[in-house]
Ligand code: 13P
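Starting off, we have a lone chain in the form predicted alone, written out as C-alpha coordinates.
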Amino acid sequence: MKNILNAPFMEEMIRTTTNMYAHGWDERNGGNISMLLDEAEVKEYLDTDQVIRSIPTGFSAPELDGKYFLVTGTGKYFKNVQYAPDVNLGIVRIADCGGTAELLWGYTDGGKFTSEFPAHMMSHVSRLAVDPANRIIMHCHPDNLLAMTYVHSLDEREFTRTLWQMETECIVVFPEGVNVLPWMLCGTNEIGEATAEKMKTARLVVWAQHGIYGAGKDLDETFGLIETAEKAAGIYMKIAHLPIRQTITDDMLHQLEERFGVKGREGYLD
(Lines give C-alpha, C1' and ligand atoms only; values in the text may rest on other atoms or scores of the structure.)
Protein backbone atom coordinates (compact mmCIF):
# COMPACT_ATOMS: atom_id res chain seq x y z
CA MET A 1 0.00 0.00 0.00
CA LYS A 2 1.10 3.56 -0.69
CA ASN A 3 1.58 5.99 2.20
CA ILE A 4 -1.76 7.75 2.58
CA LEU A 5 -0.11 10.93 3.82
CA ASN A 6 1.34 11.29 0.32
CA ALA A 7 -2.04 10.92 -1.38
CA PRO A 8 -2.89 14.02 -3.45
CA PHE A 9 -6.29 14.32 -1.76
CA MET A 10 -4.65 14.21 1.68
CA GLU A 11 -1.99 16.77 0.82
CA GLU A 12 -4.60 19.14 -0.61
CA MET A 13 -6.84 18.75 2.45
CA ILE A 14 -3.94 19.59 4.74
CA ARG A 15 -3.00 22.66 2.66
CA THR A 16 -6.59 23.87 2.53
CA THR A 17 -7.37 23.51 6.24
CA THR A 18 -4.11 25.30 7.07
CA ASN A 19 -4.95 28.11 4.65
CA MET A 20 -8.49 28.47 5.97
CA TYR A 21 -7.21 28.80 9.53
CA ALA A 22 -4.69 31.42 8.38
CA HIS A 23 -7.54 33.37 6.77
CA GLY A 24 -9.30 33.50 10.14
CA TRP A 25 -12.31 31.59 8.82
CA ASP A 26 -12.00 28.66 11.23
CA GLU A 27 -11.30 29.90 14.72
CA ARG A 28 -10.69 27.32 17.43
CA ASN A 29 -12.56 24.19 16.26
CA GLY A 30 -14.92 26.12 13.96
CA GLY A 31 -15.53 24.88 10.45
CA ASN A 32 -15.48 21.51 8.72
CA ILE A 33 -14.83 19.93 5.33
CA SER A 34 -15.92 16.69 3.68
CA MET A 35 -14.47 15.38 0.43
CA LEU A 36 -16.01 12.59 -1.64
CA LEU A 37 -13.20 10.22 -2.63
CA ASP A 38 -12.85 7.84 -5.54
CA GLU A 39 -13.00 4.22 -4.36
CA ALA A 40 -10.22 3.05 -6.65
CA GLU A 41 -7.94 5.80 -5.38
CA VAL A 42 -8.71 4.97 -1.76
CA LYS A 43 -7.78 1.34 -2.38
CA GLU A 44 -4.30 2.40 -3.44
CA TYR A 45 -3.71 3.54 0.15
CA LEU A 46 -6.03 1.51 2.39
CA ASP A 47 -7.29 -2.03 2.81
CA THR A 48 -10.98 -1.22 2.63
CA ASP A 49 -11.87 -4.58 4.20
CA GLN A 50 -10.28 -3.43 7.46
CA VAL A 51 -12.90 -1.42 9.34
CA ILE A 52 -11.48 0.15 12.50
CA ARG A 53 -14.90 0.85 14.03
CA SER A 54 -18.43 1.71 13.01
CA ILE A 55 -19.89 5.07 14.03
CA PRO A 56 -23.66 5.71 14.05
CA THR A 57 -24.64 8.81 12.09
CA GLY A 58 -28.23 9.33 13.19
CA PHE A 59 -29.58 10.08 9.73
CA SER A 60 -30.52 8.38 6.47
CA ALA A 61 -28.82 8.92 3.11
CA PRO A 62 -29.19 5.77 1.01
CA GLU A 63 -27.86 7.63 -2.04
CA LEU A 64 -24.42 7.65 -0.39
CA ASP A 65 -24.23 3.96 0.50
CA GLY A 66 -20.74 2.61 -0.17
CA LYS A 67 -19.20 6.05 -0.83
CA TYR A 68 -15.95 7.16 0.77
CA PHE A 69 -15.33 10.52 2.44
CA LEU A 70 -12.36 12.31 3.95
CA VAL A 71 -13.84 14.38 6.80
CA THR A 72 -12.51 16.76 9.44
CA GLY A 73 -13.09 15.64 13.03
CA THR A 74 -15.37 17.01 15.68
CA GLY A 75 -13.73 19.39 18.15
CA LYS A 76 -10.57 19.55 16.02
CA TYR A 77 -8.61 22.70 15.23
CA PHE A 78 -7.75 23.32 11.59
CA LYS A 79 -4.37 24.69 12.68
CA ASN A 80 -3.42 21.23 13.95
CA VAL A 81 -4.31 19.22 10.84
CA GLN A 82 -0.88 19.73 9.28
CA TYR A 83 0.85 18.39 12.41
CA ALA A 84 -1.40 15.40 13.16
CA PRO A 85 -3.62 14.56 10.19
CA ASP A 86 -4.37 11.09 11.53
CA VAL A 87 -5.90 12.60 14.67
CA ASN A 88 -7.79 15.47 13.06
CA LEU A 89 -9.04 13.78 9.89
CA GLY A 90 -10.78 10.52 9.11
CA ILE A 91 -11.76 8.45 6.09
CA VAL A 92 -15.15 6.80 6.37
CA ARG A 93 -17.35 4.62 4.17
CA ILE A 94 -21.09 5.16 4.37
CA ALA A 95 -23.13 2.03 5.14
CA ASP A 96 -26.61 1.00 6.30
CA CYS A 97 -28.36 3.55 4.05
CA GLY A 98 -26.40 6.33 5.68
CA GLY A 99 -27.00 5.17 9.23
CA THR A 100 -23.40 4.10 9.80
CA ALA A 101 -19.98 5.51 8.94
CA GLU A 102 -17.29 2.80 8.81
CA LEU A 103 -13.98 4.29 9.90
CA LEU A 104 -11.13 3.11 7.68
CA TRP A 105 -8.42 5.57 8.73
CA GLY A 106 -7.88 8.44 11.17
CA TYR A 107 -9.48 9.79 14.36
CA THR A 108 -6.74 7.92 16.17
CA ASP A 109 -7.54 9.57 19.49
CA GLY A 110 -10.97 7.90 19.50
CA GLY A 111 -12.76 10.88 17.97
CA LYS A 112 -15.21 10.97 15.12
CA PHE A 113 -16.43 13.09 12.24
CA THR A 114 -17.59 16.71 12.58
CA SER A 115 -20.83 17.43 14.42
CA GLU A 116 -22.07 18.93 11.14
CA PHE A 117 -21.78 15.54 9.43
CA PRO A 118 -25.55 15.30 8.77
CA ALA A 119 -25.55 18.70 7.01
CA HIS A 120 -22.52 17.68 4.97
CA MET A 121 -23.90 14.34 3.83
CA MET A 122 -27.35 15.70 3.04
CA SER A 123 -25.73 18.52 1.07
CA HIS A 124 -23.61 15.99 -0.84
CA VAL A 125 -26.80 14.20 -1.86
CA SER A 126 -28.32 17.46 -3.12
CA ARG A 127 -25.26 18.65 -5.01
CA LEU A 128 -24.47 15.28 -6.60
CA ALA A 129 -28.00 15.18 -7.98
CA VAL A 130 -27.41 18.60 -9.59
CA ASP A 131 -23.80 18.06 -10.67
CA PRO A 132 -21.94 14.76 -10.10
CA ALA A 133 -18.65 16.68 -10.24
CA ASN A 134 -19.44 18.45 -6.94
CA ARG A 135 -17.37 16.42 -4.49
CA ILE A 136 -16.62 19.00 -1.76
CA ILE A 137 -18.73 20.48 1.02
CA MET A 138 -16.96 23.21 3.01
CA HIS A 139 -18.23 25.09 6.06
CA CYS A 140 -16.50 28.04 7.69
CA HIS A 141 -17.07 31.36 9.48
CA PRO A 142 -15.82 34.24 7.28
CA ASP A 143 -15.96 37.55 9.18
CA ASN A 144 -17.61 39.79 6.62
CA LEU A 145 -20.31 37.41 5.42
CA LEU A 146 -21.14 36.79 9.06
CA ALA A 147 -21.27 40.53 9.80
CA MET A 148 -23.44 41.11 6.76
CA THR A 149 -26.16 38.85 8.16
CA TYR A 150 -26.61 41.27 11.07
CA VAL A 151 -27.18 44.41 9.00
CA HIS A 152 -28.49 43.29 5.61
CA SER A 153 -31.85 41.84 4.64
CA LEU A 154 -31.75 38.04 4.56
CA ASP A 155 -33.90 37.99 1.43
CA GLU A 156 -31.92 35.81 -0.98
CA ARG A 157 -32.47 37.98 -4.02
CA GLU A 158 -31.45 41.14 -2.20
CA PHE A 159 -28.47 39.46 -0.53
CA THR A 160 -27.26 38.05 -3.85
CA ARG A 161 -27.72 41.31 -5.73
CA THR A 162 -25.70 43.20 -3.12
CA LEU A 163 -22.80 40.77 -3.46
CA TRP A 164 -22.96 40.87 -7.28
CA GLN A 165 -22.82 44.68 -7.14
CA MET A 166 -19.74 44.76 -4.92
CA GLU A 167 -17.25 43.10 -7.26
CA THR A 168 -17.25 42.50 -11.00
CA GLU A 169 -16.25 38.83 -10.69
CA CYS A 170 -19.13 37.80 -8.42
CA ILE A 171 -21.81 37.07 -11.01
CA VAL A 172 -19.21 35.16 -13.02
CA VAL A 173 -18.11 33.03 -10.04
CA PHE A 174 -21.56 32.38 -8.53
CA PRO A 175 -24.20 33.21 -11.16
CA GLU A 176 -26.77 31.09 -9.32
CA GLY A 177 -26.46 33.49 -6.38
CA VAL A 178 -26.39 32.83 -2.67
CA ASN A 179 -29.10 31.13 -0.63
CA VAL A 180 -29.67 32.16 2.99
CA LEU A 181 -30.99 30.39 6.09
CA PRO A 182 -32.14 32.28 9.18
CA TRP A 183 -30.42 31.28 12.42
CA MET A 184 -30.98 27.63 13.28
CA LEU A 185 -29.49 25.33 15.89
CA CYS A 186 -26.31 23.85 14.41
CA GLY A 187 -25.34 20.18 14.42
CA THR A 188 -28.90 18.93 13.93
CA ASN A 189 -30.67 16.99 11.20
CA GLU A 190 -33.07 19.94 10.86
CA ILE A 191 -30.38 22.38 9.76
CA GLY A 192 -28.89 19.64 7.61
CA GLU A 193 -32.18 19.13 5.80
CA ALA A 194 -32.73 22.87 5.37
CA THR A 195 -29.19 23.35 4.01
CA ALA A 196 -29.56 20.43 1.62
CA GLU A 197 -32.78 21.93 0.25
CA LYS A 198 -31.00 25.24 -0.35
CA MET A 199 -28.08 23.40 -1.98
CA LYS A 200 -30.41 22.25 -4.76
CA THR A 201 -30.36 25.75 -6.28
CA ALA A 202 -27.01 27.25 -5.22
CA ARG A 203 -23.49 26.21 -4.27
CA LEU A 204 -23.36 28.81 -1.48
CA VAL A 205 -25.67 28.74 1.54
CA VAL A 206 -25.25 31.39 4.22
CA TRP A 207 -26.16 30.48 7.79
CA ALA A 208 -27.21 33.77 9.37
CA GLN A 209 -25.14 34.74 12.43
CA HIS A 210 -23.04 31.60 11.95
CA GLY A 211 -21.18 31.10 8.67
CA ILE A 212 -21.43 29.70 5.17
CA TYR A 213 -21.59 26.38 3.33
CA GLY A 214 -19.96 26.01 -0.06
CA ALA A 215 -19.89 23.18 -2.61
CA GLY A 216 -17.63 22.53 -5.57
CA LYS A 217 -15.74 20.05 -7.68
CA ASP A 218 -12.50 20.35 -5.70
CA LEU A 219 -11.02 22.17 -2.73
CA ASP A 220 -9.58 25.01 -4.81
CA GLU A 221 -12.89 25.78 -6.50
CA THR A 222 -14.87 25.62 -3.27
CA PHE A 223 -12.37 27.74 -1.35
CA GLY A 224 -12.36 30.28 -4.20
CA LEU A 225 -16.14 30.38 -4.27
CA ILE A 226 -16.33 31.30 -0.58
CA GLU A 227 -13.34 33.62 -0.89
CA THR A 228 -15.04 35.62 -3.64
CA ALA A 229 -18.30 36.01 -1.70
CA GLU A 230 -16.36 36.96 1.43
CA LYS A 231 -14.38 39.62 -0.47
CA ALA A 232 -17.63 41.12 -1.79
CA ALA A 233 -19.14 41.10 1.71
CA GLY A 234 -16.05 42.87 3.00
CA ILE A 235 -16.47 45.64 0.44
CA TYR A 236 -20.12 45.97 1.41
CA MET A 237 -19.31 46.25 5.11
CA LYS A 238 -16.79 49.02 4.35
CA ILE A 239 -19.21 51.15 2.32
CA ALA A 240 -22.72 50.29 3.56
CA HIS A 241 -22.84 53.34 5.84
CA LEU A 242 -21.62 55.72 3.12
CA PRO A 243 -23.55 57.46 0.32
CA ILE A 244 -23.26 55.30 -2.81
CA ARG A 245 -22.42 57.40 -5.87
CA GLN A 246 -22.05 54.60 -8.39
CA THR A 247 -22.50 50.84 -8.53
CA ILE A 248 -22.46 47.85 -10.87
CA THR A 249 -25.81 48.20 -12.62
CA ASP A 250 -28.05 45.45 -13.97
CA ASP A 251 -27.02 46.48 -17.47
CA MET A 252 -23.38 45.91 -16.53
CA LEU A 253 -24.26 42.54 -15.01
CA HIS A 254 -26.01 41.56 -18.24
CA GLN A 255 -22.84 42.53 -20.13
CA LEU A 256 -20.84 40.23 -17.84
CA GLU A 257 -23.30 37.41 -18.50
CA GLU A 258 -22.78 37.77 -22.23
CA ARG A 259 -19.01 38.19 -22.02
CA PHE A 260 -18.40 35.17 -19.79
CA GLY A 261 -21.19 32.89 -20.94
CA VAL A 262 -22.99 32.72 -17.61
CA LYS A 263 -26.62 33.31 -16.70
CA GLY A 264 -27.62 35.05 -13.49
CA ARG A 265 -30.34 33.39 -11.46
CA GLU A 266 -33.76 33.75 -13.04
CA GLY A 267 -35.60 36.80 -11.74
CA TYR A 268 -32.59 38.31 -9.95
CA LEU A 269 -31.82 40.92 -12.62
CA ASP A 270 -34.13 43.54 -14.07
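All residue numbers refer to positions in the sequence shown, first residue = 1. Bear in mind that the values here come from a model prediction, so they are computed numbers and not experimental data.
One more form of this protein, predicted in complex with this ligand, exists but is not displayed; see below.
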Options 46-54, 25-33, 218-226, 232-240; stretch whose heavy atom lies within 4.5 Å of this ligand in the predicted bound form
25-33
Using a 4.5 Å heavy atom cut-off, which residue among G73, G98, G177, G192 comes into contact with this ligand in the predicted bound form?
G73
Of these, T149, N134, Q165, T114, which has a heavy atom no more than 4.5 Å from this ligand in the predicted bound form?
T114
If you check in the predicted bound form, is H139 within 4.5 Å of this ligand, heavy atoms only?
yes
Since only the chain is shown here, I'm wondering whether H210 would be in contact with this ligand in the predicted bound form (any heavy atom pair within 4.5 Å).
yes
